[in-house]
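Taken one at a time, structure 1 and structure 2 that follow are two forms of one protein chain, written as structure tokens.
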Structure 1
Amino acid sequence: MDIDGIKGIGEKTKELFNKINIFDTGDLIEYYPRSYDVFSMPVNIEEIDNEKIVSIIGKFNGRLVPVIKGRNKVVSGIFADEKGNKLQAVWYNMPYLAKTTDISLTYVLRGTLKRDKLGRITRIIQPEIFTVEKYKEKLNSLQPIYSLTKGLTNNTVIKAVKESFRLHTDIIEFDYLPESIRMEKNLISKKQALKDIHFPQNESDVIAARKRLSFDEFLMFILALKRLKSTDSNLKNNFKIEMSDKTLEFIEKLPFKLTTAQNKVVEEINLDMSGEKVMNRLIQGDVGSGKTVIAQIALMNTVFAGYQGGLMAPTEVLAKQHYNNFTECFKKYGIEINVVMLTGSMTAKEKRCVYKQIADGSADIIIGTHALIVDKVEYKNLGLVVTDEQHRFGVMQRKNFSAKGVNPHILVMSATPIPRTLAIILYGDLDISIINELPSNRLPIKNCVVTTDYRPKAYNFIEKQINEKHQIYIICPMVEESDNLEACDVVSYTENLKEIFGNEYRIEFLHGKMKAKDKNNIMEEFSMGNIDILVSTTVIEVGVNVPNATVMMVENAERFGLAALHQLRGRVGRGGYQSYCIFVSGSKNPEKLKRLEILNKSNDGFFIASEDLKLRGPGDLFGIKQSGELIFRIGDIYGDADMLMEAGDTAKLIENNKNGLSNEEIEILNDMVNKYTIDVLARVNL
């Protein structure tokens, strides 16, 4: 049912839901909470440690008074805790509170705090009001927190989810996972899992629900992959491609020497592409290890052997960067290879022109986003397809791309630090090459973890770096201010910076909701050195390469998974300059700071992710997703690694028909796999 079929959801709210990709009530059931909030013991104001949502116990210092502020009907009152510390409580559009609140009673207020410029707590916004008895009933229960967008409140989502549960008893009751597997793996029913993921009574509910849902997701993924694999494993090599002399010459001319690890991978690729069977290879190499040049070498060999090669990137920004990099490089070395670009934001006319070149074979290397795999594109003789940042794509997209040719070679590149055992389960159909070495000209990045008090010093440092002609990234977690989160948002942060730094420097912002054209422009300007400071959300995380950038400052670093932070810091230290990473924690909580300190200790992405988990323990798993794997809604390859292994085992049994499932059970599972693959395709909409 369409989302506006729910009572109380009108045109406006519907639009807000659509903004966060919720279109019907089924979507809501799978819109899992981002985190949970505990109704913890109420505290006095001075005990508050930087938490955003708190429960404070006390009394009103007089009547609540209505104020008219613009079109908003505001009620406010002074609330004092037991020690006499005061703050102002403010409610919008609830004028009746002035009448219904009995100021002789003790209340618990639960809401979002606002601070003044000096960090002092001054107000609590739109708090829920509980009598002490009512609050006791709720004590220690968990409240789901959903990702929101401006204008949409957590309560609206909660209500809508509850209503969807009422409407969809059929979907919820139906469990496709055979009873025998559930028993063996000790998993709760799907119905229970869905209920408990949204509305758990306690933490162990969440853990059990998460276990079941991530198992499902991994199992579907692996089964989908196995099905695709069975159709094309052991295929004959239709495109025998050797290392060309012209490519060797190019490698000689490069301004750097390939690392031993790079050379090894180049060799592995050569053996594959010139061998009897088609190549299916995954290159895993940490950020900055130099994967692009390896892809370039393979693509050049493909072209010199008389075929076309494609390179697909997850974002337009990255595609554009690869395109510029390739064309400039070929021009510089006088190599006659025609590189074309194909992205979603090009005009129909531009696209037609490129389609033609791809079809008649005049385009040698085709670089683009998923626009490369739409039906309209016909390749003349596609011999190699490369996907960059594989973890950002679904399996199907990779397959669709390869289906564009007659079993072309496949090379996928990923910087997600997955340990080999897990990579084999996840990408079981691929041979794996690992680049475990960074180019030798790199200076180790200097890291520091600081609290917000340090900001002025950080800005001074940034200014010095700019004066040395370097460039700066500043990362904020959100695009626009939302009701529930006070995380810095790029737009207002940029305004603020401009005020601080004045007109002398060029400061711009970048976020996922901008038009592709605008994003490309900003990125291009940044890589040309025309922008000094780029304030961005994590859209910058994938693959962008600007060696002149030397400082990465991450605001609200405590909100990110350490693995994601590690990827982010990979945007600096990509040239020969000393680079710096400043992680600014919005919280002074020593535990949170300690977690961030892990980043100082190691440069090994997987070590970082697993240390993170050890520190936080399973109960805290939900708060922060480790990696940017878009293909999984809930499963986290680090946090749920055990479930991934279990799912891998189960998939193997199912594949070999060794777990005694009935035909009906298998059929139901197969249906789910189909649905899953389509769903993933629809979701990975980049």
Structure 2
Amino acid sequence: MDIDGIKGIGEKTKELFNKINIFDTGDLIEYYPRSYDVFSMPVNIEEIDNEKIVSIIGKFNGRLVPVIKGRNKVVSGIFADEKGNKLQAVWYNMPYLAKTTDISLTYVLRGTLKRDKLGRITRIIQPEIFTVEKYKEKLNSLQPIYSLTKGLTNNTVIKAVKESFRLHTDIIEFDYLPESIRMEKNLISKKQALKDIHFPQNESDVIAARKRLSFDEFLMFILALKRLKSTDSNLKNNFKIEMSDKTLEFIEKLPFKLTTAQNKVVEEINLDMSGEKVMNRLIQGDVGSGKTVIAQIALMNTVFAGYQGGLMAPTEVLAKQHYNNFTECFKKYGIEINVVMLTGSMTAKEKRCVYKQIADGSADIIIGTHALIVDKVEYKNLGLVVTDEQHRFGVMQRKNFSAKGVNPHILVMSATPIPRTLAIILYGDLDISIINELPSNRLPIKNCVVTTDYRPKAYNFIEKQINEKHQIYIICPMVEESDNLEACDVVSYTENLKEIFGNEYRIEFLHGKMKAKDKNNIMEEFSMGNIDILVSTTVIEVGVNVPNATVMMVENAERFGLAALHQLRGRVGRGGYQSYCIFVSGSKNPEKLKRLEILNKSNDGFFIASEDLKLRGPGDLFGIKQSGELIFRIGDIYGDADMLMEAGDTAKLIENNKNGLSNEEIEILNDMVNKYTIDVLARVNL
């Protein structure tokens, strides 16, 4: 049923749901909460962790005062806890509170705190007000929190989900997973999992529900990949490509020697491309390990064998960087290879010119974005397709790129630090090559984990680096300031920096909500050295190579997954200069600082991923996903690693029919895999 078939959802609300990819009631049932609101015991003000929604018991010192500030009607008052600690309570656009709140009563205020520049708690923003009796009724209960868009409330989603459950008992009741597998893996029923993921009674319900649903998601994904691999692995090699003497000369002329790991991967690729079957290979290497030069070698061999090669990057900035590097390199070494670039922002005339070169074969290497796989692009003899930063593309996008030729070789590259045991499962349709060492000319990045008290020293250090003609990245978790979240945002942070440093340095910000053209302009200006400090969200994680950038400072580092932080750190240390990474924690929680210390101890992404797995226990299944890279609906490859392994084992048994399943059970599983492959695989970023 369409979303507007639910009572109370009109055209405007339907449009809001559509913005978050909810179009029907089935989508709602699988729109899982991103976290849960736990009504815990009230605390005193000095006991508060600033990252949590807090509950404080106390009384108002006097009546609430309404004030009009611009477009907002603000109500505020002084609230004191049982020990006499005070703070200001502030509500926006709730003027009726001034008349309905009885200042003689004891209340529990529940909301988000604000601190001043010295870190002192000063306000509680938009708190809910409960009488002591009403709060006791909610104590220890869980309320689902959904990802929203502006104008859509959490209560609206909750009501819509409840109505979808009532309307779709068929979806709720159906369980594709045979009972024998559920029993063996200690999994609850699908019906129970769906109920408990949306409306749990306690944390145990959430953990059991996430266990079942993540297992389902991983199992379907792995079975779909196995089906793809069974199709691809037997494809005949139409493009037998050997190592060219010209490529060997190029390798000899490089100003650096390939590492042992790089040479091993080059050999594996050569064996694939000259063999009887089509290559489907992943190069998994840490940030800065030298994957691109290996792709360049493979592309050169392809061209010298008489075929075309394509390289698809996730952003125009990265595509342009590859294009410039390839053309400058070939010009320097006198290599006659025609490299062209194709991106969405090019004019229609520019695109037609490139289309013609691709179609007639005069374009040897084509570098671009998703524009490489649009219908208008026709390749003459595509022998090799390369995708960079593979986690930013869907499996089906890779397939679409491959379909532009007649079964060309496929080479994909990923810097996502995934332990090999997990990578073998996640990239089940690919053979895996690993680069586990960095080039010898790379200086190890110096790291430090600090709290906000260190910020003035960090700014002094940053100023020294700028005076030495280097550039700085500063990462914030938010785009703009929020009344509901205590975290740094790029907009106000940039304004504060400009006040601190004055007009002496150029400081700009970058975030994902900006127009593509504006983002590209900022990144190009930064790469050209025209910006001293770039304040950004994680949008720069996959960005240009700026060898002159020597400092990466991450604010509220405790809010990021370790894998994401390691990827961010990889933006510096790319030149011959000593580089530094400063992880600033907004929390002094010992457990969170301990977790960040893993980054302080090592620059090895695979070690970091493994250590992160060790730190995560069953409790980490409760709440927001951490990885943020390989996006499933609910599964997290780090937090749910045990379920990923279990699903991998089960998929092997199903594939070889060793589970003792009936023909009917196997048929149901096959139908589910077909549905998953068609409807879901294209959106999973792998």
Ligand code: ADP
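Nothing here was measured: the structure is a model prediction, and the numbers come from that model. Residue indices: 1-based, along structure 1. If you superpose the two forms and keep the largest set of C-alpha atoms that fall within 1.5 Å, you have the rigid core.
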Properly assigned, the form predicted in complex with this ligand goes with structure 1
C-alpha of Y176 off by 2 Å or more between structures 1 and 2 on rigid core
yes
Aligning on the rigid core, do we see the C-alpha of Y107 shift 2 angstroms or more between structures 1 and 2?
no
Honestly, after the rigid core fit, is L194 moving at least 2 Å at Cα between structures 1 and 2?
yes
Fit the two forms on their core, then tell me the C-alpha shift of G26 between structures 1 and 2 in angstrom.
5.4
Rigid core superposed: how many angstrom does the CA of E11 shift between structures 1 and 2?
8.1
